[in-house]
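Next comes just one chain, in structure tokens: the form predicted alone.
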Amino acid sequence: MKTTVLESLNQGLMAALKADATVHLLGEDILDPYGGAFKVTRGCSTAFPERVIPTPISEAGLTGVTAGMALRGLRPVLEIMFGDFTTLVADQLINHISKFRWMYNDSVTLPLVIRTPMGGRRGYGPTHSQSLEKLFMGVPGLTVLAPANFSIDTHSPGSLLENSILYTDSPVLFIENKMQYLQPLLTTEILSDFDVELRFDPSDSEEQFPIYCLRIKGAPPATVTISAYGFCGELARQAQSKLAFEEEIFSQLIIPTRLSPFALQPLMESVARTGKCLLVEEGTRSLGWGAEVAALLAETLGDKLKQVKRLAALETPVPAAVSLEKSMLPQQEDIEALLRKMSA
């Protein structure tokens, strides 16, 4: 039976709670039998009733409480029910939590993980379907992570979450795309058509975050590099496979799990060979992750970078109508169309 991303994240939470008595889980409606809006916390309150704490509907307040818990030596995990509500925690996160280690000359640690689902494609409307992670990228002292739907060696969404809870002593914003939850984890056996290289960001630290580099086995050298994260990483993988087998358009796909700070090396190495890069994200196109990566590639590679394209959501609120939502968000066929143009 295949494990889903949701089950993997649940296992990561359970493992962290079991491994360390200082780990506490807080959030709205996280107690059994409900187990959270997307069921990631299901079973946790039954197994660890003293350390799973339901909270009032006050995102700013409970973020401040968990910051205090972290400063006092605990390892809290906070669930924000929808990523849209991270706007309510921005003051605590940007003006306080991310700065405390620096303000107090590293005499304190702040091991707080804030988990939240982002993204659309569910018809939830403009205030429950956004991808707002770009608002938090580039904040000094804050790490932004987005799991991928792979289980390679010992690395999975659950292990990324577990390690972030247990071993990272600075605040983490952990982005879970809603469409990933029921996706099965992809193993090397399932990915039999792919060569999967596992890199780490950074490579010289105990805090390592997986970067997945995919090519079709036995294919000629890639002519385009693709990079995407979260659910868009899976859309890009499917587009990569379809174009390789049906149209002999070959690419390399780079899927990072740490969005900020961003590690350029694996992507830079690939683009230095192909000269072309397609960047895919679910957030709106302007001033986002893709724009920053494109700028970094241009600064680093110079004339070696022949072409870079960004594919992202249109510059509108997310519609509630499913048909309109689909036209607003990047789809697999959009990735395929751009890859055809870039490979021509």
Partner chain sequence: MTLEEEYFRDMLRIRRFEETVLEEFKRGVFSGTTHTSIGQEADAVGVIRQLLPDDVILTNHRCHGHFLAYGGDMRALFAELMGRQTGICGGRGGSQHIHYKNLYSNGVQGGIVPIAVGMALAEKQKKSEAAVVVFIGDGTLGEGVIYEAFNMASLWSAPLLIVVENNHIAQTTPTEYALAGDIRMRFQAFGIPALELDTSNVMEIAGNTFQLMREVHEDYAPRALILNTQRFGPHSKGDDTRSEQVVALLKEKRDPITLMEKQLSSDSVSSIRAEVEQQVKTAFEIALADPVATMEGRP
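Numbering follows the first chain given and starts at 1. Since the model is a prediction, treat every value here as computed from it, not as a measurement.
Keep in mind the form predicted in complex with its partner chain is missing from the figure; the text below concerns it.
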{"item": "Partner-facing stretch of 173 to 181, 222 to 230, 106 to 114, 140 to 148, counted where any non-hydrogen atom is within 4.5 angstroms of its partner chain in the predicted complex", "value": "106 to 114"}
{"item": "4.5 Å heavy atom contact, T55 and its partner chain in the predicted complex", "value": "yes"}
{"item": "T274, heavy atom within 4.5 angstroms of its partner chain in the predicted complex", "value": "no"}
{"item": "Exercise: W102 in contact with its partner chain in the predicted complex, heavy atom 4.5 Å", "value": "yes"}
{"item": "Proximity of N95 to its partner chain in the predicted complex, heavy atoms at 4.5 Å", "value": "yes"}
{"item": "Contact residue in the predicted complex, chosen from L301, A291, V65, V308 - any heavy atom within 4.5 Å of its partner chain", "value": "V65"}
{"item": "Among the candidates L74, C213, L185, A90, the residue which, in the predicted complex, approaches its partner chain to within 4.5 Å (heavy atoms)", "value": "L74"}
{"item": "Every residue of V196, K217 and L243 near its partner chain in the predicted complex, heavy atom within 4.5 Å", "value": "no"}
